[in-house]
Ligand code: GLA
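In structure tokens, one chain follows: the form predicted alone.
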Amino acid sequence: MSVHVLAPGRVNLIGEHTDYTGGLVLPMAIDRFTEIRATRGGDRVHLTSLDEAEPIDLPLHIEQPNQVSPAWGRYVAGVMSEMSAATGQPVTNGLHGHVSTDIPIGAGLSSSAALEVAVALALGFEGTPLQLAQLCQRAEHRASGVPSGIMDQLAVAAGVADHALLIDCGDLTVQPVPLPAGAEIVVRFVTHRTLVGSPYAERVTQCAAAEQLIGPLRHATEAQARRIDDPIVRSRALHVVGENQRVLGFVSAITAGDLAAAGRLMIASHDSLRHQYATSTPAMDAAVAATCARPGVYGARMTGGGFGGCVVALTEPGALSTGWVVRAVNGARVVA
């Protein structure tokens, strides 16, 4: 039986490093896709990719996904393992096919989440977008060891055309937010990055330390965060508390058509990531500054976890000649 699956990438408009504390994020699924065309059946998963030198060829039962070689196969193996864990039975049907993508790898646009979601659907996953996202989040943890939140997988699985998604990562609700007509979302690649081996996990630990002192950051106030003695932990908490408020402010601004206010919040988000969360880089700072200096740009910020990646900008139509204009699309689906 043949299967054809499309899974979009995502860009996060605002709400960075808040998902793993149960906070608020505002991503959108974008019109760049990971695609799998395969035949179901057999006792192995064999996939090739134009973007990877080595194919993956895996048995249906995987004990340690993080040990699979080549490295891109770890995400596939993680999905297979989590599907087996969810049912109590190993995956029973293999795949033989090809993966292609126009999501830049290592750009912070969720290429790994798109691959995970696409693989799960190709293997026959049945369930809600939230269940799909939760399975693939667990798969990423097993594959990479990075303790990431659920934003990426949920944005990929639950995208809505022409809308961003206001995701409450605490109660796992998703509210589509119409994107403003007459504006563009532009993404510009700056530098390659990977979260594996980055200080990302350290930031998760620092937020956990803050929560030990003042309770869940999703409910904390700025005043509570400022009472934390450790200056680094205090800075991380102040970012998360402020970022949750910026997400709400951004939604209110674009709903009211106040794109200038929305842009200012994007800039404030980047400044917080730079100074309070220390996840930006000189190259990202320079790219944001140069982007914001262009006429017709309301605001810009780094997106995708930090330590490199892409800048996302809210602009008037045609304001930027570099990067690519992205539009919001529906979430992952089986085409045939």
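Keep in mind that this is a model prediction, so the values were computed, not measured. Each residue number is its position in the shown sequence, starting from 1.
Form predicted in complex with alpha-D-galactopyranose: not shown, discussed below.
alpha-D-galactopyranose isn't shown here, but in the model of the complex which of S148, N244, S111, S81 has a heavy atom within 4.5 Å of it?
Selected residue: S148.
Check, residue by residue, if G106, F189 and G323 all come within 4.5 Å of alpha-D-galactopyranose in the model of the complex, counting heavy atoms only.
No: no residue has a heavy atom within 4.5 Å of the partner.
Using the partner position in the model of the complex, report whether G308 sits within 4.5 Å of alpha-D-galactopyranose, counting heavy atoms only.
Result no; G308 lies far from alpha-D-galactopyranose in the model of the complex.
G15 versus alpha-D-galactopyranose, in the model of the complex: is there a non-hydrogen atom within 4.5 Å?
Yes.
Examine F125 and determine whether its closest non-hydrogen atom to alpha-D-galactopyranose in the model of the complex is within 4.5 angstroms.
No, no contact at 4.5 Å.
Could you tell me if G304 has a non-hydrogen atom within 4.5 Å of alpha-D-galactopyranose in the model of the complex?
So G304 counts as contacting alpha-D-galactopyranose.
Where, among 260-268, 151-159, 92-100, 176-184, do residues come within 4.5 Å of alpha-D-galactopyranose in the model of the complex by heavy atom distance?
Selected range: 151-159.
Where, within 17-32, is there a heavy atom within 4.5 Å of alpha-D-galactopyranose in the model of the complex? Residue list please.
Contacting residues: H17, D19, Y20.
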